[in-house]
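Just the one chain here, laid out as structure tokens, in the form predicted on its own.
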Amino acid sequence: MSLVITIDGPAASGKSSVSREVASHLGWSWVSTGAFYRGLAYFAKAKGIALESEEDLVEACKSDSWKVHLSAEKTLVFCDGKDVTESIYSDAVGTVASQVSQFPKVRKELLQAQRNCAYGVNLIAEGRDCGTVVFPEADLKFYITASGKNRAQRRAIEEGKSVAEVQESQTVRDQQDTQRKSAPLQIPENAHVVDTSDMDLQQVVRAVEEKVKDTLSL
């Protein structure tokens, strides 16, 4: 039987890096479920689809012109056969992804595709509602967080922007993610909370792996 570990948290909390490292050490598959919303956001913008139209976005979810693929390094997105992964992980696309993910019908349309990632494999899934909605019966759940300033500093370094600029857009995303009516960002029940503000990546990875091994007897 497949095992599933979820790692949720706000933007730039470090959950993607942590989940990727832990999955690599365990030899498991991993997925960033946010890539589905980022892929949809990129596709909708590229095709001129109205971002305020829930019905149009649902139809875009069904299109074969964009696809999500798992890999060891990143969750990949292809649009019209072109790898657009680097583009979807920009802060600008992330803001649009947070916008389109507000729609309940969009989330419902993408849910099964996200769950299919666990078919036949042990999986670490990271995102904003993995432990609450996508895999509510996960074997183990984590919530990775950090201070707003710390998260903004990390993203600013990644994107070559000022901390103030990143913090402004980050505040908007946090509000959208936590206040949306459908599957808002929240700490999953029974999740282990890890504040990474004063920890480096390897310290967080070790803390998560120790809990995984103790809990699942791996």
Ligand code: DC
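Note that the structure is predicted; figures quoted are calculated from it, not measured. Numbering starts at 1 and follows the sequence shown.
The following text describes the form predicted together with the ligand, which does not appear among the structures shown.
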Segment assignment from 57-65, 172-180, 145-153, 43-51: heavy atom within 4.5 Å of the ligand in the predicted bound form: 172-180
Partner proximity in the predicted bound form: residue 107 to the ligand, non-hydrogen atom cutoff 4.5 Å: yes
Residue contact check: residue 117 to the ligand in the predicted bound form, 4.5 Å heavy atom: no
Contact label in the predicted bound form: residue 85 to the ligand, heavy atom within 4.5 Å: no
Exercise: residue 98 in contact with the ligand in the predicted bound form, heavy atom 4.5 Å: yes
Partner contacts in the predicted bound form for 35-66 (non-hydrogen atom within 4.5 angstroms of the ligand): 37, 38
